[in-house]
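Taking the form predicted on its own, here's one chain by itself in structure tokens.
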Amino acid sequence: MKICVCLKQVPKKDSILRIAQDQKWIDERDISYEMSEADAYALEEALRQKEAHGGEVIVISMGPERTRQSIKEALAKGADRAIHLDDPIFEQATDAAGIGRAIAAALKDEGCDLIMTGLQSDDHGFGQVGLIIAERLGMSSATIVMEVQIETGSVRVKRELESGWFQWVRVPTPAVLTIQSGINQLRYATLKGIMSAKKKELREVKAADLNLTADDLKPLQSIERAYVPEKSKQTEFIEGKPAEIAARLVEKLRFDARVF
């Protein structure tokens, strides 16, 4: 069983975020980074499946030199080897389409039985990269996965639906699974794991190695403006008979405040 896990490095949740001067994204100076939460759960699930069924876990990530921090963390936790897509050309891939195309090209010849991604990243939150990888590689897919049961020639997964409902589906392998946060309990890297990570393969891949150019990764969507939402307050008086006031109040709480 060969499982590949896609990782993304994102700003830490406690970082102080400031809008960049061009208002296209945040100012990334003086920000600390960490592995995206859902990707960490995807890694943990891959490691548990490897422990149960044997095989190999590969991690792949795209980004600048700092991305290696998260890659090495994954290796220290138990991943067997890593692929780092590090090239200025990859900076052109700012949307899900470009990211998915680059990762799919890098994994094309790996022959993975399963590819796991987080449901969505903590920064952009596209929720599409895993599905784009599946489409480009001609693999089946399942999203919002809360449990994984590997079978011969297929994988049975529990999907989280709306309103507290779940769904069990069986998809043929090879397959791409997007993992929901909370599927398992995350482990910490041990001292032994940290030391062994230094000896594991970390292969750097350039765009030319994948026959990709900047035009190939040109985004299909872009951020027009990033800004902090403006807060406003408004008081509304509801008048009428008690029954009418109660009905109107319930309507406001349900559809405007969305508290239930």
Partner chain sequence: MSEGILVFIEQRDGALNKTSLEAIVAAQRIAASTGDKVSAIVLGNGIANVASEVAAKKLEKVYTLEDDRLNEYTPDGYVGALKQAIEKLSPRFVILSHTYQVRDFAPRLTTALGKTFVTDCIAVRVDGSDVVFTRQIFQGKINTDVRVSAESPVFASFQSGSYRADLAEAGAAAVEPLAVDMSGVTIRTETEPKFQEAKQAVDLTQAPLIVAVGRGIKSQDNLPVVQALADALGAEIAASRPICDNEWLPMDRQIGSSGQTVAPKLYLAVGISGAIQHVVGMKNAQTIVAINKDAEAPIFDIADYGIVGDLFEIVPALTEEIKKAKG
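None of the values given here were measured: they were computed from a predicted structure. For the two forms, the rigid core is made up of the largest set of C-alpha atoms that agree within 1.5 Å on superposition. Numbering follows the first chain given and starts at 1.
The same protein also exists as the form predicted together with the partner chain; that form is not shown, yet it is the one meant from here on.
**Q** Among 222-230, 42-50, 55-63, 209-217, which stretch has residues whose heavy atoms lie within 4.5 Å of the partner chain in the predicted bound form?
**A** Single hit among the candidates: 222-230.
**Q** May I ask you to state whether Gly127 is within 4.5 Å of the partner chain in the predicted bound form, using heavy atom distances?
**A** Yes, contact at 4.5 Å.
**Q** Would you please decide whether Asp86 lies within 4.5 angstroms of the partner chain in the predicted bound form, comparing each non-hydrogen atom pair?
**A** No, Asp86 sits far enough from the partner chain in the predicted bound form that none of its heavy atoms falls within 4.5 Å.
**Q** Using a 4.5 Å heavy atom cut-off, state whether Met146 contacts the partner chain in the predicted bound form.
**A** Because a heavy atom of Met146 falls inside 4.5 Å of the partner chain in the predicted bound form, the answer is yes.
**Q** Can you check whether Arg136 is within 4.5 Å of the partner chain in the predicted bound form, heavy atom basis?
**A** Yes, Arg136 lies within 4.5 Å of the partner chain in the predicted bound form.
**Q** Does anything in 243-260 come within 4.5 Å of the partner chain in the predicted bound form by heavy atoms, and if so which residues, in order?
**A** In sequence order, Ala243, Ile245, Ala246, Ala247, Leu249, Val250, Lys252, Leu253, Arg254, Asp256, Ala257, Arg258, Val259, Phe260 come within 4.5 Å of the partner.
**Q** For Ala20, state whether the C-alpha moves by 2 Å or more between the shown form and the other one after rigid core superposition.
**A** Shift at Ala20: below 2 Å after core fit.
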